[in-house]
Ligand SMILES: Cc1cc2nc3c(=O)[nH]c(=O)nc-3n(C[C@H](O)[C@H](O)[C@H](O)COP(=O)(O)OP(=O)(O)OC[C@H]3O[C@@H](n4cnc5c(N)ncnc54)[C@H](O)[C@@H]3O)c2cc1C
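The chain that follows stands alone, in the form predicted alone, written as structure tokens.
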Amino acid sequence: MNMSEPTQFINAALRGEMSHDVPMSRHTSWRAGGMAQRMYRPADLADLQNFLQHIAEEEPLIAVGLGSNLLVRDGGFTGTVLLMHGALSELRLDGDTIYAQAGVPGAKLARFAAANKFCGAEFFVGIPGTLGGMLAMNAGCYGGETWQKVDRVQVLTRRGELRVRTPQEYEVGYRHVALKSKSEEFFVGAWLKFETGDVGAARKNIKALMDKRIASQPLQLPNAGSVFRNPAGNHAAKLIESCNLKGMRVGGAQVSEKHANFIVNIADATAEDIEKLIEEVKAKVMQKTGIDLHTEVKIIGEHRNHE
């Protein structure tokens, strides 16, 4: 199918919104990055399923929620961005589990669980993303990880087949999730299981974690959360700080002076500024400590042509 012609999708009876040449700076928490060639915001899960059934198999696709763990290079992304936030937003009780779709933000999930007398979901308030991204990378903070709470997940295949999978079908580790069988799929929802508990205590814990996050992270500036994974037995922030890299700048990007594992956009940073700073931090930490830092952030797209 010719993706450049929006009429193709009208003929396919799609109900979502197709946009062209969309600045990804509007859809990433770093507020930086190039254009997405196309962006599709589905009306709901059934519409997304229909979309995938009508799209060309060779079309590059990426699913994006709040864009809190994503850097799109300044040359842009040639393909289609599937915008989950605001589209896959269903959140409800389902028996003794909570069913949440991929576009549900972590803070909303935490508060919904507490309101329904579940405990153990409070840590989700500290994750600045939506459930789809959390499932894809086993996001976590404050001692909790997403897949510790997963009963089963709902996925759409590249061809639009809706499937339900169990955690046993995945290799799950620290900031790592991989399907054991070969299939190109997108997380579109999950059933999460929590213990029942004291709603007052859960709400108090949510407030304490939010206060801790505000006090320790540079939330007033555009950022993507933690940039690097914690190496085994160590913390990326401590390593970066030990190398005296707080405040280091490349263009409009800076290693946060508040939290060393955050890179903040302080002056209209380009994606190139941010990526160069990431590489410089990696190089300096390796040179001084011998430890190779690995990014949590996903970097996609093409470098800008400077010619």
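No experiment lies behind these values; they were computed from the predicted model shown. Residues carry their position along the shown sequence, with the first being 1.
What comes next is about the form predicted in complex with this ligand, which does not appear here.
63 is the sole member of 52, 245, 277, 63 with a non-hydrogen atom within 4.5 Å of this ligand in the model of the complex. For the residues 20, 288, 298, 294, the 4.5 Å heavy atom test against this ligand in the model of the complex is passed only by 298. Judged against this ligand in the model of the complex with a 4.5 angstroms heavy atom cut-off, the residues 120, 192 and 206 are out of contact without exception. This chain is displayed without this ligand, yet in the model of the complex the stretch 124 to 132 from 162 to 170, 108 to 116, 230 to 238, 124 to 132 comes within 4.5 Å of it by heavy atoms. Within 4.5 Å of some heavy atom of this ligand in the model of the complex lies at least one heavy atom of residue 225. Using a 4.5 Å cutoff between non-hydrogen atoms, residue 187 counts as a contact of this ligand in the model of the complex.
None of the heavy atoms of residue 152 is located within 4.5 Å of this ligand in the model of the complex. At a distance threshold of 4.5 angstroms between non-hydrogen atoms, residue 175 is in contact with this ligand in the model of the complex. Contacts between stretch 132 to 157 and this ligand, counted in the model of the complex as any heavy atom lying within 4.5 Å, involve 132, 133, 134, 136, 137, 139, 140, 141, listed in sequence order.
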